[in-house]
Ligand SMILES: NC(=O)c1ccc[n+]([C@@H]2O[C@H](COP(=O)([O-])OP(=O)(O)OC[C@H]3O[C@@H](n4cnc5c(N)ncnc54)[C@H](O)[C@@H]3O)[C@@H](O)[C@H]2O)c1
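Given next, in structure tokens, is a single chain: the form predicted on its own.
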């Protein structure tokens, strides 16, 4: 079948495209290369470099390709930064999705796999279960909530299959090491390789569950199958054992044999303290299995990161610079004096 993968140059998109091709599918990939890298696109993928915020150009490409399956991974997935980048987050999430979904439906798409996020749960009691209501606490979560609901509504009216998966804290090889706003495992690794201190928001006791890409990918690929039992299902896909950010930091530092300085910064606005999900449904429906786990995943990603070497940080201005934003997200002229935080040892 012909599968259209948006965000194909991203970390997850590249892995998904490679897996789909290995399964015998023809893959067409869309990406504007704003957050991904062309080297992530597997050989054999028909890459179209396109900004999905451009409705006319996107429609022309999607109608031309007429995909059987749409796997939508394109996103600005900066949950914490979305309060300071609302226009970019809305454009690269909700509007980009609508620009792809409408022509895909018109072209007769059989199935949509929407890569959503546990951000739709907001600040509820963890672990988050798929039956919980959507109560987003940030701009990114609001976008993902709207994307899920639009999918449900249009599928009911226009009769196509869909599976919504909520991946969370996926990490591994090909992940960006240069994005200062997201992907804490990659941020820690790059800072260690650059000889910089590791920044931790608040006390570092936030709890998260992390999933190595080698564990998540088989479930992602299963979600793309045209199976009636997967139709109209929402499934969490992520790690089974939550850890604190402090614990994660120590694991990453130990893998690099690094004696690092840790700088504690104020809590990020609207950050959920405990955010991890149930996993039973992913086992039952998608065959999720942790064959590698967190420690082995960190080891494998660290090996890849060392081979790639330290990366320069992306220099990017916030749309709404504010004293409430972590000072490390601000340019020099935007930073206020006296926001350096307190130092400790891990």
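Positions refer to the first chain, counted from 1. What you are looking at is a predicted structure, and each value in this text was computed from that prediction instead of being measured.
Not on display, but discussed next: the form predicted in complex with this ligand.
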Segment assignment from 317-325, 304-312, 50-58, 279-287: heavy atom within 4.5 Å of this ligand in the predicted complex: 50-58
In the predicted complex, the one of 121, 181, 140, 212 near this ligand [non-hydrogen atom within 4.5 angstroms]: 140
Sole residue of 128, 84, 188, 115 within 4.5 Å of this ligand in the predicted complex, by heavy atom: 115
Partner contact for residue 71 in the predicted complex: this ligand, 4.5 angstroms, heavy atom: no
Non-hydrogen atom contact residue 111 with this ligand in the predicted complex at 4.5 angstroms: no
Contact test in the predicted complex: residue 239 vs this ligand, heavy atoms, 4.5 Å: no
Partner proximity in the predicted complex: residue 20 to this ligand, non-hydrogen atom cutoff 4.5 Å: no
Stretch 1-17 - residues with a heavy atom within 4.5 Å of this ligand in the predicted complex: 7, 9, 10, 11, 12, 13
